[in-house]
Structures are given as structure tokens and as C-alpha cells.
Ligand code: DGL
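Before any questions on how it binds or moves, here is one chain, the form predicted on its own, in C-alpha cells.
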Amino acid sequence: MTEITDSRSKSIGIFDSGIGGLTVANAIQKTLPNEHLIYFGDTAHLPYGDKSADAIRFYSLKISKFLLDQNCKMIVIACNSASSAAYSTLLDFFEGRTLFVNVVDPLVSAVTDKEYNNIGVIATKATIRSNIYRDKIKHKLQKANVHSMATPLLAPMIEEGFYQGKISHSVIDTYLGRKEFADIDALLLACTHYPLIKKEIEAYFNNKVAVLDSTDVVANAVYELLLKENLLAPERTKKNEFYVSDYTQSFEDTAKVFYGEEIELETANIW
């Protein structure tokens, strides 16, 4: 085999603080069915949304090292908190060793390309605290008004299965009913859990607000970068692999919901 063939056949690593990033993994798998995926959910330390930037950077460095040891040609940071806090650090630390894709930049491009005037952003505390979406949107589209809000109840609510019902309707109404979201044209779901409640949020706005999440836009960004670097896999020869740092049966059950099909979780105690 040639060197380029060997490189093409390497895996795509994907990581998140837990299992929310499986929504991104599933989108990548559908867009690029020939690629072999290795997913790592840091369930021992979730949620990252409540952690300091230094802690998130430490976790991200350790996980990226694990994925590089698995021969990954690319690492997708399928976590908004980690993308916000650790992306630049990972680029510097692993320069020249692999490709990195975060979930922030593709979503920012998706909303600024359409030049919306009033943009809402909902995410974890860590992502909102970083101001990364506001700053990046304003840099690309100065006229935009950006309204950001931390919505910490949404992720655990979704993981516990309380969506598409009275509880989720009430929580969504409480958050999105605030006055700063009254006149938005678009809403960014800046957490990889939130695609599971996208239809509920669209219904809340009577389908009059563009609701964007990171799944398909990140999958397309992965495709474009691999195509540019001539690293698209010719075929997939083995099953995708899914790891968590702390296994529980509830994570196994919930993972099926996030990924959209049956998967088998393995424990990788990298700590």
C-alpha cells in the first residue's frame, strides 16, 4: 500500500464530554460512510459546561492523545465547551500530527453566510461564558445582533429522556420566552445535545425562526477538509468504535438515542 492509501485508511476520532457528540458522529457517518470512526465520551468528567477552561483543556489534551494513539488522521471536537476552551491549545500542541475540526466555526459560518440580523445562541455555561459565538459572529458579520443565553437544564433533561413532552415544553418555554429572544431571525443550538429537541424549538417559534445545529454543518466541514487534504477513505473495513471513560448501563441505553442506532460502548480508562 502507498503512504497516501495508508493515510486515507486511518480513522476519524471524535470526542465529547459525554454522549451528546454522538449526534455529530452519526451525521459524519451518514455523510462519509466509508470512514472508520472512533468516538470517546468523557463520561467520568461530564458535564464540561460547568468546568473551568483549564480543566477542559487538560481533558481535551489527554483525550486527543488517546485518539492519536489509535491512529486518527483527524480529530473532531464534538463538544462546544471543548471547542471554545481547547481548540487553539490542541492546534498548537499537536501541530502537524493530525487535522482538527471544531463544532463552532462551521455553525458560525452557516449563520453568517445567510446574514441574519438578530441571532440567538443557547449553550452550556462554559460556552456562553467564553463569548466565542458572539465574537466570531460579530467578526464575520458586524451588523448582527447576538443574544446569548446559558441553558444548563437542557442537556441533563435530554439525557434523562425528558423531551417531546410536558417537562421539555415547560423548560424550553421558560428559556426561550425571555424578551431578548422575542425578535430573533435565527437560533443556534450550540450544544451537541440540542439536535434532539430541535423540532420542539422550531415548533415553539411556529417555524418562523431558522434553527441551526452543528450536526450536518460539521459533517460537511469534515468532508471538505478531508477532500482538500486527499484523505477521504476508499472504504471502511471494520466496525466503528465507541468508548466512554466511565461506563454505566444508562449511558449505553441513552447512547442509542443520540446515535440513532444500536452501538456498543467500551470503557477506556485513560485517567
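The first residue of the shown sequence is 1; numbering continues from there. Only a predicted model underlies this, so the values are computations on that prediction, with no experimental measurement involved.
This next part talks about the form predicted together with this ligand, which is not shown.
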Review point. Can all three of Val76, Asn102 and Thr215 be found with a heavy atom no more than 4.5 Å from this ligand in the model of the complex?
Key: no
Review point. Quick one: is Tyr48 in contact with this ligand in the model of the complex, heavy atoms, 4.5 Å cut-off?
Key: yes
Review point. Is Thr124 close to this ligand in the model of the complex, meaning a heavy atom pair under 4.5 Å apart or at it?
Key: yes
Review point. In the model of the complex, does Ala85 have a heavy atom within 4.5 Å of this ligand?
Key: no
Practice item. Mark Cys191 yes when one of its heavy atoms lies within 4.5 Å of a heavy atom of this ligand in the model of the complex, and no otherwise. Key: yes
Check your understanding: Counting only non-hydrogen atoms, which stretch in 227-235, 40-48, 204-212, 62-70 is within 4.5 Å of this ligand in the model of the complex?
Key -> 40-48
**Study point:** Contacts with this ligand in the model of the complex, stretch 71-99 (heavy atom within 4.5 Å)
**Key:** Cys79, Asn80, Ser81
